[in-house]
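In C-alpha cells, the next block holds one chain alone, the form predicted on its own.
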C-alpha cells in the first residue's frame, strides 16, 4: 500500500497529468487533420474520378496495410534524410494523421455508399446541384451512420499515441515509464494509473458518440 501512496505523490501525479495533456493534444490535432484529409480522400474514392480515384485508392490501401509504428519511424527517422526534420510531437501527429486518414477515408466512402441512391436522385430532381445534394442531403445521412465507427477509430488513435513513446514523445506512457524507471516498486501503480486515465478519456469520447447518435436520430 505504501508503494501506491508514494507512487501517487503530487509530484508524480502532476508529471502524469503533463503527459496526459500531451497525449490529448496530439490526439485532438491528429483527429482534426485526419478527419479533414479522410473526408477528402473518401469523397474522391466515392465519386470515382478517372485515374485519380484509382491512385487514391491504391495509396489508401497501401497505408492501411502498413503498421502505424512503421509510419512513425518514417516520419521521425526517414524524413530527415530528405531535409524534413520534425520534433517527436509533430512526427507523431503527422504519422497518426496519415494513418488515420486512410482508415477514415474507407469509413466515409462506405458511409456515403450506404445512403439510398434515391436520396441523391430526388435532390437532383428538385433542382439541387450534385455538390449541393451531397452536402445538404447525402452527407448528413451518411454522417449519422458513420458516427459509431468513426468514434471507435478515434478511440484507437488515442490509445495508439502510446506507440510514439519509442521516438520519445513525452506523452502519458513515456512519463509513466520515467516514474517507474526511477523506482521499480512503482510499476504496478503506474500501470493502474495509465489504465484509469486512458479509460476515462476514451469513455468520455464514447459518451459523446452516444449523445451525437441520439441528437441525429
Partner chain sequence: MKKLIRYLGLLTSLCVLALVLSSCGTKKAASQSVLSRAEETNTIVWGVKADTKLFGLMDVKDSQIKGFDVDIAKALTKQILGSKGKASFIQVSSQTRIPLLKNGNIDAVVATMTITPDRQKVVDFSDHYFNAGQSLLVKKGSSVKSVKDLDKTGTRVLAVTGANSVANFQKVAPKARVLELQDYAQALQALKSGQGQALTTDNGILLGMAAENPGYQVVGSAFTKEPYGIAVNKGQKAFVNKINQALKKIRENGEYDRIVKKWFGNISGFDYKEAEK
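These figures come from a predicted structure and were not determined experimentally. Residue numbers count along the first chain shown, from 1.
Although it is not shown, the form predicted in complex with the partner chain is what the next lines describe.
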{"property": "In the predicted complex, the residue from 86, 115, 137, 128 that sits within 4.5 Å of the partner chain by heavy atoms", "result": "86"}
{"property": "All of 18, 44 and 167 within 4.5 Å of the partner chain in the predicted complex, heavy atom check", "result": "yes"}
{"property": "Touches the partner chain in the predicted complex: residue 149 (any heavy atom, 4.5 Å)", "result": "no"}
{"property": "Touches the partner chain in the predicted complex: residue 32 (any heavy atom, 4.5 Å)", "result": "no"}
{"property": "Exercise: residue 28 in contact with the partner chain in the predicted complex, heavy atom 4.5 Å", "result": "no"}
{"property": "Distance check, residue 11 to the partner chain in the predicted complex, heavy atom within 4.5 Å", "result": "yes"}
{"property": "Residues from 70-84 in contact with the partner chain (non-hydrogen atom within 4.5 Å) in the predicted complex", "result": "73, 76, 77, 79, 80, 81, 82"}
